[in-house]
Structures are given as C-alpha cells and as structure tokens.
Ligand SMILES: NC(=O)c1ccc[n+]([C@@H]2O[C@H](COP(=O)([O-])OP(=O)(O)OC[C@H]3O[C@@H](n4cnc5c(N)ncnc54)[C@H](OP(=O)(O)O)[C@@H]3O)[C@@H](O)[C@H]2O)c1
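Let's start with one chain on its own, the form predicted on its own, as structure tokens.
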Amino acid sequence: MDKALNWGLLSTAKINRALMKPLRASNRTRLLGVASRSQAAAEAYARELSIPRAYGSYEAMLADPEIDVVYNSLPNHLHAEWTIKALRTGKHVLCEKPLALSLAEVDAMTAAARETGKILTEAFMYRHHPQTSKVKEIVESGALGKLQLIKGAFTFTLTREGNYRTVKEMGGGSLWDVGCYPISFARMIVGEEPLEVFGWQAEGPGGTDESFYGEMRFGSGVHAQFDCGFKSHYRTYMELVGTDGVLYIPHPFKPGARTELQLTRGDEAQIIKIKGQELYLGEVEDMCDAILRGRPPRISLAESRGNIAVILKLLESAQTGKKS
C-alpha cells in the first residue's frame, strides 16, 4: 500500500515553490522540511511557507531519519556532491536539471544510487506532462511522414545581478540552464544520440555563454537546430518538420492545464487541444511510483547521462570551432 513520503527541500531556491503545490496536493507526499546554510534563514523560509521543520545545514536535514525524499535544488555545481551525500544517508533524490556538470559526476551519482538501492532521477518536469506524450504519439503515428528537422528555442532576459547562472564555476551559462530543454526534447523525439554536434556561443562576463546556437545530426537523418540565451526576449517553442507535415509546439517546456498544438498537413492546419495538468505534479507522482511501486523512473540515469554528454560536446565545439 502507498504511504505518505516525507520530502525535504535541499536549499531555499526559488524553484522550490513550483514543487510545493504538487507535494501538498498528492496524498502520497508530505512536505516535511527545508534546509539552508543558516538556522535563521531556514526558519524564516519555513515560517513563511508553513513547512514544519527547518534545518540550519544541509547535513542536519540528511541526518533526519524521517526524511524519505530529498529535492536537490542547489546550484548546478553542487548537484553531484549533495545528491551523493543524500543517497548515502538513505534518501531518495529528485535532482534538478542538469543532473551534473560532467560525465564523471553522473557516473559517481549512478554508482551511489546503485550501491544504496535508492531512487535518483532528474527533474525535467515537461517530460511528465500529457502534451509531451501526445507529441510522441503524433510523431510515432506517421502523421508527419519521415521526420527531417527539429527546431526549437528557449530564451529569456536575465536581469538579476550576481545570479549563479552567470558564474562559470557554478555551472552557469544558458546552455546548462535552458538549452538543456530543446536538447532533451530533440533526443526524446528522435530516440537516439546525435552522431555529431556543432555549437557557437556569445560569451558574457565570467566566461559563460549568454547565448548559444547549436546543431545536432542524428544517424536516422534527422537534423536539429536550437538557440538559447539570457539576452533575448522570452521565447519557447519546438517545431517538428516531416515529409508530410509540420507539428508546432508553442509551449513545449512549460505546458499548463490547457494547451494546444498545431499540426499542418498540406493546406490544412489543425489545432489539437490537450487537457493538461499542474506542471510539476507528474515528476512528483513519478518519484512516488518509483519508490512505492518499484516502477522505473520515466527519466533514466542513462538518458540523463546522454543529455549531459551532448551539452559537453556542444560546449567543446563552441570552444574549438569544430564539430564534435
């Protein structure tokens, strides 16, 4: 029988608030605690958001035997370290994307999950939304004919000074932050890893990519092109082009309770309406299914490793000016 899993938030990051609603809505989860680097900060955050327990250090939360699941929302460069520590203290971990910043880190995290028998998965929320399943269904139905091209973008204007996203040593840069989404989406649709990639970046202060423009070539003949960045107007979309049709997805990464796709075949454009759900609910329920029912997480660690590998190759290409 399902029981209520006690969750702990590892940090007071802004993204935590997106997870709170589904954690409180599910009858299989209970938001029990939050950890910060100081007791005062943790207590203020817990008081504001009605969280029962506040921990003045990350270690203190991991030492609490009543915490079952940790949501790791720390800056990117701390994902591997604190995920491994959480696993080794007997916690399951939902780790924010990107899972890690190197393949060695991913491999160490995977080894820790295997050794401890605990669930570890990456928090790509869009993968659990009904819209994503519908897109896959349309492609696999043959409605687009032979898939040829995938295009996409995720950009916004970053205005907060001192944000970790601008610090290279903390895993900053637009490719790690938002470019990972169109890369993940394209890989999911094609169902294979790219044979080669090429990338170009506009470098900002601190050596991070403020804007990134990437291409991927897959063995099946599909090509993918995307851009991401912190200096452009807010844009998100994915477009799938085939021999017989085009599928346009206006909100691929943050679909809501009601969303639409546009399928064009010949002279006919069809609007496909989709009844969605709360964006972050799916990843919470997926975690519960994995822990309580033994189902494999929708996003495997091998798949997360593949996404990190592509990001690293794109960054290498941008540095060398060569295909990778």
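Note that residue numbering begins at 1 and tracks the sequence as displayed. Worth saying up front: this structure is predicted, and the values here are computed from it rather than measured.
This next part talks about the form predicted in complex with the named molecule, which is not shown.
Contact with the named molecule in the predicted complex holds for none of T155, A224 and N307, as no heavy atom of theirs lies within 4.5 Å.
None of L301, A13, L312, M20 but one reaches within 4.5 angstroms of the named molecule in the predicted complex through a heavy atom, and that residue is A13.
Think of it this way: in the predicted complex, the named molecule has a heavy atom of just one of F218, Y237, Y164, Y213 within 4.5 Å, and the residue is Y164. Put simply, L147 is far from the named molecule in the predicted complex: not one heavy atom of it is within 4.5 Å. When contacts are judged by a 4.5 Å heavy atom cut-off, I249 does not count as touching the named molecule in the predicted complex. Proximity of R37 to the named molecule in the predicted complex falls within the 4.5 Å heavy atom cutoff. Although the partner is absent from this view, Y181 contacts the named molecule in the predicted complex, with a non-hydrogen atom inside 4.5 angstroms.
Comparing 186-194, 128-136, 113-121, 90-98 against the named molecule in the predicted complex, the single stretch with non-hydrogen atoms within 4.5 angstroms of it is 90-98. Contacts with the named molecule in the predicted complex, taken as any heavy atom within 4.5 Å, map within 47-64 to Y58 alone.
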